[in-house]
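Next up is one chain by itself, shown in structure tokens, the form predicted alone.
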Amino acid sequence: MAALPRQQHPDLLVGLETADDAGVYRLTPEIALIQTVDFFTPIVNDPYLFGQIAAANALSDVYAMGGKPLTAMNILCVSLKMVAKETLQAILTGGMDKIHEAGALLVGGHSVEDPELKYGLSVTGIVHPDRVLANSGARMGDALILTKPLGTGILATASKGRLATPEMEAGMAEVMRTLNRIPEDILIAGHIHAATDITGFGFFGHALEMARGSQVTMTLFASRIPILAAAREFALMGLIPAGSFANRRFCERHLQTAPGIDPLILDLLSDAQTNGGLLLAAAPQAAQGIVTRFQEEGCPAAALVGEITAPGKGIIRVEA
């Protein structure tokens, strides 16, 4: 993408410049259009659950922009010779159920013949142009909130290796299929200044995008960051996906780590997530109330995990 020219238009509110979660285009003074797309290969064995997770993951990009999903279109790569009709129907049903839970409509889609199964969505949403939550809006003094626990990448690796118990897998699945919907009253209050969802680049990668886009230094408190207990256990065993190491290498030169920080924590904060939680930069006086609302709305692990502490060009300080 770096080689592509940057496009300028007075109504293009969010484009390619800050590696944001979705594009935003102003239609009227009251309505802006959000567009995003995401799809991937199965990460769980249950086809219905896979459909739910893939759909929730795609819908998350609209929520991360402060928007409301309206319509979705299926994207499906499949070999009908290799995948049973019942399996395919279960995937699509899981996706549709999650779309309907979000209050959106499935309006079509596209499929191609492919030996490797892939599924996801193209999603269209709306947001008021003055309430767009780009990843570049964090302000000095903002509190940082994470709405879900980390560790699903490690647990998915353990599951593929048949090391995870059914209880561990159920906990992982619940995190991944939970919608990242932001309660409407929080959006209207305007106390959230920036947002991004934690996905393939891990917590560090997406936090770095926010720090760079906002031109700030953020301080994270490792002990406050919610992490699935089972993921910590498997990380201690060395069961860390290769992608997580790549994330850590990419972010390392932007990290300032306090003495005594357990290197294991750095691995967990680099773990690639699927439909991980939202990272929010919010006004400090409203932050605890926002955390409480997320806990009430089905994200019990939501927590205050850091703050914006200084201007900068994208630095992450990790404290105990």
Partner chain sequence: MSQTVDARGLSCPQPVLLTLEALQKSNQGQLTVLVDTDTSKENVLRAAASQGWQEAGVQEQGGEYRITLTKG
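Everything quoted here is computed from the prediction, not taken from an experiment. Residue numbers count along the first chain shown, from 1.
If you look for the form predicted in complex with its partner chain, you will not find it shown, but the lines that follow are about it.
With respect to its partner chain in the predicted complex, the three residues L255, G306 and A310 uniformly fall beyond 4.5 angstroms at the level of their nearest heavy atom. When its partner chain is considered in the predicted complex, only one residue from G171, G94, G213, P241 comes within 4.5 Å through any heavy atom, namely P241. With the partner removed from view, the residue among T199, T217, T157, N74 that has a non-hydrogen atom within 4.5 Å of its partner chain in the predicted complex turns out to be T157. Using a 4.5 Å cutoff between non-hydrogen atoms, M237 counts as a contact of its partner chain in the predicted complex. In the predicted complex, its partner chain sits within 4.5 Å of a heavy atom belonging to D267. In the predicted complex, L163 approaches its partner chain with a heavy atom inside 4.5 Å. In the predicted complex, F245 approaches its partner chain with a heavy atom inside 4.5 Å. Contact with its partner chain in the predicted complex, defined as any heavy atom within 4.5 Å, is confined among 97-105, 123-131, 228-236, 173-181 to 228-236.
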